[in-house]
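Quick setup: one chain, the form predicted on its own, written in C-alpha cells, and binding and motion questions come after.
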C-alpha cells in the first residue's frame, strides 16, 4: 500500500502523517525496534490503530515511510567549485551517513517494505542530487558522467558495501569517484 498517494498537502491527512511519523521516531529513540507496535505508535500519535493500518497497511510499510522521509535531502549538495569535487564531497558524506547505525537501519527499513515505492523514492532523491551536480558541472563547461553512471558506479557499490560488507573507506569512495570521472 502506497502511503502518500492522493494525499492533500495540508489538512488532517498531513497532520496525521506528521503525528504518526513523530511518534515512530520518538518510540525508536525510547525502545528497541522489535518492541515498536502499531498500537504503541497510535497511542503516542493520538490516532486509532485502524488509521495507521488503513494508511500504511502494516508496521514495516510505516517504518519504510518514516525512513524515506529521513532520507529526503534537506539541503543542496555542497558546491566545491568543480564537478569532481562536488561528487567526491557528496559521495563521502553519503557513505559516512548511510554506514552509521541509524543509516543502516533506515536503508534496511526501506528495503524491508513489500512495496517498492519507498525504495524508488530514495533512488529519486539521489538521482535529483546527481542531476544537480551534473548541471553545475556542465554549466562550468566541465564534463560529468551520466546520472546512471554515477548511480551504477558510485552509489550502488557504496550501498552494497554498507549492507553486505564493511562500510567503504573514504579512500575507496574517492577511488569510485575518480574512476567514474575518468569515463565522463
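Positions refer to the first chain, counted from 1. All of these numbers come straight from a predicted model, not from anything done at the bench.
There is another form of this protein, the form predicted in complex with a further copy of the same chain, and it is not shown here; the text below is about that form.
Chemist: Using heavy atoms only and a 4.5 Å cut-off, decide whether all three of 27, 36 and 93 touch a further copy of the same chain in the model of the complex.
Modeler: No residue of the spot touches a further copy of the same chain in the model of the complex.
Chemist: For the chain seen here without its partner, which of 133 to 141, 114 to 122, 43 to 51, 62 to 70 has a heavy atom within 4.5 Å of a further copy of the same chain in the model of the complex?
Modeler: This holds for exactly one stretch, 114 to 122.
Chemist: According to a 4.5 angstroms non-hydrogen atom cut-off, is residue 107 in contact with a further copy of the same chain in the model of the complex?
Modeler: Residue-level check for residue 107: yes, a contact with a further copy of the same chain.
Chemist: Could you tell me if residue 57 has a non-hydrogen atom within 4.5 Å of a further copy of the same chain in the model of the complex?
Modeler: Although a further copy of the same chain is absent here, residue 57 would stay clear of it in the model of the complex, with no heavy atoms inside 4.5 Å.
Chemist: Report whether the minimum heavy atom distance between residue 161 and a further copy of the same chain in the model of the complex is within 4.5 Å.
Modeler: Yes, residue 161 is a contact residue.
Chemist: Does the 4.5 Å heavy atom contact test between residue 172 and a further copy of the same chain in the model of the complex come out positive?
Modeler: Close contact exists here: in the model of the complex, residue 172 approaches a further copy of the same chain to within 4.5 Å, heavy atoms only.
Chemist: Could you list which residues of 142 to 169 come within 4.5 Å of a further copy of the same chain in the model of the complex, counting heavy atoms only?
Modeler: The stretch 142 to 169, when checked against a further copy of the same chain in the model of the complex, contributes 148, 151, 152, 153, 155, 156, 157, 159, 160, 161, 162, 163, 164, 165 at the 4.5 Å heavy-atom cut-off.
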